[in-house]
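Taken one at a time, structure 1 and structure 2 that follow are two forms of one protein chain, written as structure tokens.
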Structure 1
Amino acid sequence: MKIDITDYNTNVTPTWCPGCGNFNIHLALKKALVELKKSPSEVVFSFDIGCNGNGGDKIDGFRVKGLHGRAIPLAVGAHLANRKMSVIASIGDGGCLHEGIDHLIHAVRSNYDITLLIHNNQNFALTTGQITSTTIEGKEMYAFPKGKTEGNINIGELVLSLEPSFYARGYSGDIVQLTEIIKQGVKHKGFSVIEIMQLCPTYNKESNHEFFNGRISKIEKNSDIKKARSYVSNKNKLYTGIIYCNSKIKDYYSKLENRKGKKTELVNEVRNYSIKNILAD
């Protein structure tokens, strides 16, 4: 069956601000899945709360939306239940690095075979632009007119410190490269972390096309973690592409001794069990 990008469309009209990076991110995501010849019936999307989460009804497939910061564990559960599905989690920098940072850390170290899209627009946009741990220091934000008082979190440095199997960085203004990055992330057997530098013309006007285009430098797939760390710590350039990939790290499910040799998925093994004997005891 031929898969077309319109197969992923829904009849819901997007409500994002004009110029929002989510338009391009969703287009790149749909293009990637179509080019991978995956139908909506083969994909599970786990959406977080926030502007990224508003995309939950704008792309077809099996979709679930959870509490703020909890998109990753929902995706993990879906993957472990049925590995035949491609599972993609979508979360903002706020939810991921605040309420959800523990989920990010443990998903990297466990290396679940799912793909994570971190929409990094450097603010909590849905609630009118509060600061996050990626907001530029000194930037005036809602409730913080003199800028944030806390330190920063560099997503790339955090993820690479955990020695992941896959970390990439894309830009919402470059659909072609972002499409290819998402394709590589979905094909990778392990936890694929994809940070997407996202335009937010309403609450982060300083980080516009001119800002990114003057700093972005594209790279090919890299397997040297020292080089990867130098890429993400560079203060003058923003490197995009497959920053680091290590295919030798086994994914979580492959290391489960009690699942070796099993032909069925966990979702096929769910059935009713009698507890009469337990109650009798």
Structure 2
Amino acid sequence: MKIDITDYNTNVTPTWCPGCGNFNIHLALKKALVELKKSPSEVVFSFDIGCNGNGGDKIDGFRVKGLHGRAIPLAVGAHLANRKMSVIASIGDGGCLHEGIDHLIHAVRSNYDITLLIHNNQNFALTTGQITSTTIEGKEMYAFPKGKTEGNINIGELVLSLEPSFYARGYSGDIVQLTEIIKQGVKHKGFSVIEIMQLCPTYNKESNHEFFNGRISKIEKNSDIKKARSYVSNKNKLYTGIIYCNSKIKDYYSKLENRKGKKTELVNEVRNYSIKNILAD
């Protein structure tokens, strides 16, 4: 069966602001899945709460929109239950670096075979623009009229400090490159972290097209960790592309001794209870 991009459309009218980067991110996501020949019923999307999560009814597939900051654990559960499904989690910079930062850290460490899209618009947008740890320091925001007090988290530096197997950075204004990054992320067997620098013309006017176009520098797929670290720490340039990929790190499921040689998926194995294995003779 031929898969067409319109298969991923729903009849729900988007509520995003005009010019919001989420439009392009969804387009790139749909394009990537079509090019990977995946039909909507082969994909599980785990959405967070936020403007990014409001995409939950704007793309077809098996979708769950759970609790703020918890897009990752729900995706992990879906993946471990049935590895035949491609699992993609979407989360904002707020949900990812504040409410749910523990999940990010442990998912990188565990290297589950799922893909994470971090929609980084440098603010808590749905709740009308509060500061997050990626908001530019000193910027005046809702409830911070004198400017942001605390320092920042650099997502690239944080993820690379955890020995990830995949970290990429894309830009919502470059659909072609973002599509390619998402495709690579879904194909990668491990936890693929994709940070997307997302335009938010409503609450983040400073980070606009001109800002990004003057700073973005595209790179080829890289597997040298030192180089990767220098890319993400560069103060003047914003490098995009697959900043770091290490295919030698095994994904979580492949390392499970008790799943070795099993042909079935856990979701199909719920048949009977036996506690024999956990009782001593």
Partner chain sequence: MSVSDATDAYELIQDAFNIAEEYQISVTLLTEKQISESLFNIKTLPQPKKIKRGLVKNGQKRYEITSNGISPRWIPQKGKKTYLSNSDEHDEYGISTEDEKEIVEMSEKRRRKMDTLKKKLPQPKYYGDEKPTLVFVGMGSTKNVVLDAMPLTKKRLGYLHYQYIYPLKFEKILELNKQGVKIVLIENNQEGGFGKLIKEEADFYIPNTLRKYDGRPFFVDDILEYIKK
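Predicted model, so just to flag it, every value in this text is computed and none were measured. For numbering, take structure 1's sequence and count from 1. Rigid core (definition): largest C-alpha set, two forms, superposition within 1.5 Å.
Assignment of forms: the chain in structure 1 is the form predicted on its own, the chain in structure 2 is not. When two forms of a protein are overlaid on their rigid core, residues whose CA moves 2 Å or more are considered shifted, and Thr6 is not one of them between structure 1 and structure 2. Relative to the superposed rigid core, the position of the CA of Lys263 differs between structure 1 and structure 2 by less than 2 Å.
Summarising the core-aligned comparison between structure 1 and structure 2, the C-alpha atom of Asn272 is found to shift 5.1 Å.
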